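Take a look at this single chain in structure tokens; it is the form predicted on its own.
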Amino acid sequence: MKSYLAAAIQMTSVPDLHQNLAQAEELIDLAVRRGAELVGLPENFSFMGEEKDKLNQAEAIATESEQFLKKMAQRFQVTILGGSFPVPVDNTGKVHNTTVLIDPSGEELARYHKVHLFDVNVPDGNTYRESSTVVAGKQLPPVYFSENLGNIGLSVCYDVRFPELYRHLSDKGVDVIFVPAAFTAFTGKDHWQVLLQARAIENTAYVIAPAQTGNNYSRRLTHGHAVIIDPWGVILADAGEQPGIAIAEINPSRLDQVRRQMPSLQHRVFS
């Protein structure tokens, strides 16, 4: 593993596939021009809209999202995490909330279907029932082993509240954890940063968390603050509340230093 720059992209995705892909391309270009070799897009990067509209367009969204990710990775010669997009599930009328990791040649390295679905009555009056349109994944998320970029683990948004998932990634030797998200504005103000810091600290790993921000559609408001966090829990970069990027160094020496200073993973009693 070498030292390199990673970028967490922050978007305001809307119910317009092509508008979102154009926004994503601009931000990927910005990240690459600033030196990023690993770039993450947020959850629902290619479409955020009403559930019925998502289902009606799911085939097109899935096809164009995958083509876009491969094209961007090849054009810019970077590794890209496609935060998430809907992929139809046969004979269900529903989709998987899917994230994929693509290498600079356009090859898919890893794929994960979001396991934990956001079925919550938020105190701000909004109700979310992700399971009404999404089929939960049944497999633990993968870790992709990269000689240059480190061992990269995948997760999506609501997963961040379930530490056992990240302990699995830790057991697999993860160095860098992706948490692409569309965190609600209400919960994000209290829980987003502290949960991400906890996942970084307890697993002594970098966390890269691309995010949605602002008013995506109707009353759907997202928190923003795409961040990159080091294994000590330090916020290295924060994109704030506007579309943009958070960019920071992923440094193997820092990983080694923190793991020597705080070898808590070696002290586990229960597993």
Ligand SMILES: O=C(O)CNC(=O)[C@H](CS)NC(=O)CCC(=O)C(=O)O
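For clarity, every value in this text was computed on a predicted model and none was experimentally measured. A residue's number is simply how far along the shown sequence it sits, counting from 1.
Omitted here: the form predicted together with this ligand. The next part is about that form.
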property	result
4.5 Å heavy atom contact, residue 130 to this ligand in the predicted complex	yes
Contact label in the predicted complex: residue 112 to this ligand, heavy atom within 4.5 Å	no
4.5 angstroms heavy atom contact with this ligand in the predicted complex for residue 213	no
is_contact(residue 197, this ligand) in the predicted complex, heavy atom dist at most 4.5 Å	no
Which of 66-74, 241-249, 24-32, 41-49 lines the interface with this ligand in the predicted complex (heavy atom within 4.5 Å)	41-49
Single option in 193, 170, 184, 98 placed near this ligand in the predicted complex, where near means a heavy atom within 4.5 Å	184
Partner contacts for 202-239, taking this ligand in the predicted complex and a 4.5 Å heavy atom cut-off	217, 220
